[in-house]
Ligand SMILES: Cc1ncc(COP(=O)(O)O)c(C=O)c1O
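There is one chain below, alone, in structure tokens, taken in the form predicted alone.
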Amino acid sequence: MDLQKLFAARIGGAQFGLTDEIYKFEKIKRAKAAARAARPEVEMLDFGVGEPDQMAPGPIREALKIAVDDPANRGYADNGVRAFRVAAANYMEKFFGVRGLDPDTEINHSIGSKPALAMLPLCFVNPGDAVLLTVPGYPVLGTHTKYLGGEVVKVPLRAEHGFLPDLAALDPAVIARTKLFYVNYPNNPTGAAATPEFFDALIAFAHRHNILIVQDAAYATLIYGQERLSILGRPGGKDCAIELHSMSKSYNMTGWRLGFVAGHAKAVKAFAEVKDNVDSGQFKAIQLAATAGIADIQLSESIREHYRRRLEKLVKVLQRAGFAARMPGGTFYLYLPAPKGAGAQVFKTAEEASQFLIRECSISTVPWDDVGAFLRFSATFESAGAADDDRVLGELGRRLAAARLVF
């Protein structure tokens, strides 16, 4: 049997698995392994990790221990436990002031945001349809759009626009074929936060062109220097948008795989229809455990404060090293112009800078070369606790100073 001839064109067809192209995260992984092998006595300072460094809050973990032993929670959850949808509606009201979301028609749980982003194109995209996708960013919705024969139009996020998409620069011919517009605020990797004025302009754009906004709000509670914001809380937002929320970042529940979609009732219904043919729901005990904490502002604020403190310290260290660092509007990331070289060495891309920092300094970051050369530093670095943060950051500063970076 020649299985190579059977692979679908969408994943490479007969060439699937035969190319030598390496994804950037695999390059980072290999470079870190090589650096550890070359200098086993040197601690790898990993600022590239994109997931929380702490456990989920105690009340949520305790609720899971109880729920997992309840026989009522065995079996399939299908399209979700109503108690979780109600808790999600309460969360949206307490955190974002979004009142009146119907837990039965305007909210549905998901097994994390990634599967939701994969399923939404199945609800809307036909061959030839266009989807707008901000870059740099999370590619999943775009990947599945291409699988379905749709066109992904990349919308650049530039520093001069505050890392918000320039709506006026979009091609009218593309807009006429567009079904979905994916945005992500607070934004990974740039750390930019949306403003009410931007969301209002985006809503007006969506109504004018009959486009559904897909707002990925995975970092919605990790906001600094301004109020938490949901597109569903802006006038007309619920009529043209669906918003994805995740427990992973807001509540350190990475790996629990739980989130929800909220917004336009027909869009939620379409998502539920597709989801019902893709998965059988997240374990009921996990959904019920989340209800013990997701509407608790105090729990969320303690997590946000943890990252705020770390980010402020990280900004100071990076500024001293020459980076143009400042506090982000949200997330736990700093997105900074990459150095142009180190000593006599010249970096043509952010990836070259990233590889140098791993190879020569045992410092791991994530490079982005989509719209300019940038490095992403994450405040989710590992340490032995709050007191140990200063040691890790001090070591970062010493290594960066010794690298003689050029900007």
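Since we're looking at a predicted model, the values are computed, not measured. Numbers for residues come from their place in the sequence shown, where the first is 1.
The same protein also exists as the form predicted in complex with the ligand; that form is not shown, yet it is the one meant from here on.
Here the chain stands by itself, but in the model of the complex one stretch of 304-312, 224-232, 125-133, 180-188, 180-188, has heavy atoms within 4.5 Å of the ligand. Although the partner is absent here, residue 218 is a contact residue: one of its heavy atoms lies within 4.5 angstroms of the ligand in the model of the complex.
Within 4.5 Å of any heavy atom of the ligand in the model of the complex lies no heavy atom of residue 108. Interface residue remark: residue 257 is counted as part of the site for the ligand in the model of the complex, having a heavy atom within 4.5 Å.
Looking at residue 114, you'd find a heavy atom of it within 4.5 angstroms of the ligand in the model of the complex. Listed residues 95, 205, 323, 138 were compared with the ligand in the model of the complex; 138 is the one with a heavy atom within 4.5 Å.
Within 4.5 angstroms of the ligand in the model of the complex, the stretch 235-268 places a non-hydrogen atom from each of 246, 248, 249, 257, taken in sequence order.
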